[in-house]
Structure formats: structure tokens, C-alpha cells
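Okay, so here's just one chain, in C-alpha cells, the form predicted alone.
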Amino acid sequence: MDNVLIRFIERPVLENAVLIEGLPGVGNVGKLAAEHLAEELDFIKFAEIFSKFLPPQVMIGANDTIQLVKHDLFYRRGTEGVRDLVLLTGDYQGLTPEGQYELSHETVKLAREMGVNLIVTLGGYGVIKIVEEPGVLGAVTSVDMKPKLEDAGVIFRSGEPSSGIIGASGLLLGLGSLEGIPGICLMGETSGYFVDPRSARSVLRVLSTYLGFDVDYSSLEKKAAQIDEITSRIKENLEETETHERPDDLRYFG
């Protein structure tokens, strides 16, 4: 098997297209956002990417059938002033630094061949606390891109994230820039403790404003409510545990 194998379902011809990446990461923010777009905006799958750099396993799906772990590529033709869009999501990221570079390089190469002239990567920014209204941090390949993004609600904090942008969300921008394709990273604030649909919604609101399309957030809001219910139960259990432990603690110190 080749290091990276791309299986095409069709080969769409696009113009002035934007590649949007949303792979698993902190809070699964990017993956949630990308999957929501694919469902709500009726994207069409056109290719699958298989690689020996992805985990050596298969996923079990409907009717107990299996499929290799992979990345999926979708497209949507622009309407009423909205640009053509290409969407990348998948089951996992590359397991090794070499794998991350190889997968990102092949993706950038394919994007360039398809007429992509902007790359937008989506991810989470861990703040180690639950955030009710997550902000969206940004990073760009060129400083002249910042004003329009700030108008769309993006926050730029000098030097953050301090550890850099790890994985596909960073490499696609870096490698794309080498090929002359400008790029943006949008990072939703998230605790990182669990899957974060509220942060994914914040990222999509900024992205939709910037690119000029509309999307319904109802299903993400339902998921956010479910997460809120789970976290409330956890808090209640912790409080009950603390209450039950206090008498023992007092007797011990008495």
C-alpha cells in the first residue's frame, strides 16, 4: 500500500474554492463543526483518503459492516456569491510526525489541483475551564487578513496559543503557504474535558460570517444542552460526595 491512497468517487471541477478542515482534536471542536456543515449544507462526498499513517484498525458501522479508518472529502458549489467549498474531516489524525506531514502534504497538493486558493482550519483552544460563551481565536498566514476576520468576531492574542498549532490544523496552513495558498486557523475556546458542541457553534458562526453562508445550529444546540445536563450531574455528584465526607473529616480532626 502507498503511504497515502486517495480513492475518488468523482472529480469535481471547482473555482475560487475554500478548503475547510475539521479533524479530531481538542474538544473535537473542528470535527463537530465540519460534520455539522456536511449535514446542514448538503455537501457531496467526492473522495476518501486512506493511509498507513492512520491507526491500524477498522470502524464498525451500520449492519455490523467494517471500513478502514480514513479521511473524507466533500464539496459544495457556491451560490449567490458564496464561494465553492471543499470540506475535509475524518476518523483520526496521523499517528506520527511523518504521517502528519505526509497526509497534510497530499491534501494540500490535491487542494491546489482542485482550484483551492484559501485554506481554513478549525480546532479547539484549551482553556481548562467550562466556558459558557466560547470566544474564537485566530491565526493567519498574512497580517492583512486580520481586519476582515476581526470584523467577523475573531480574537487575536499575540503569541497564543503559546505552544503553537499542532497537527493538521497547523500543517495545512504552513504547507499551504509554501504553495502560495493563504490560510486561517479558527480555534474555539473549550475546556477540552469533553466533546464541545458549543465551541463548534462559535467557530461556525465566525466562519459563516466570514465566508457569507447561512447554517442552522439547532442540532448543535441540542448536543450542547445534553453536555450541559451531563456536567450538571457531575457537579451534583461531586457536591454530594463532599457533603457526605465532611462529617467524617470533622470527626477525624475532633
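Since the model is a prediction, treat every value here as computed from it, not as a measurement. We number the residues from 1 along the sequence you see.
What comes next is about the form predicted together with a further copy of the same chain, which is not displayed.
Close approach of Ser51 to a further copy of the same chain in the predicted bound form, 4.5 Å, heavy atom
Ser51 belongs to the contact set for a further copy of the same chain.
Determine whether any heavy atom of Gln57 comes within 4.5 Å of a heavy atom of a further copy of the same chain in the predicted bound form, and answer yes or no.
Gln57: yes, in contact with a further copy of the same chain in the predicted bound form.
Can you tell me if Glu160 lies within 4.5 angstroms of a further copy of the same chain in the predicted bound form, counting non-hydrogen atoms only?
Because a heavy atom of Glu160 falls inside 4.5 Å of a further copy of the same chain in the predicted bound form, the answer is yes.
Partner proximity in the predicted bound form: Val140 to a further copy of the same chain, non-hydrogen atom cutoff 4.5 Å:
Yes.
Mind telling me which stretch in 225-233, 189-197, 66-74, 38-46 gets its heavy atoms within 4.5 Å of a further copy of the same chain in the predicted bound form?
Flagged stretch: 66-74.
Could you pull out the residues of 4-19 that have any heavy atom within 4.5 Å of a further copy of the same chain in the predicted bound form?
Read in sequence order, the residues that approach a further copy of the same chain (within 4.5 Å, in the predicted bound form) are Leu5, Arg7.
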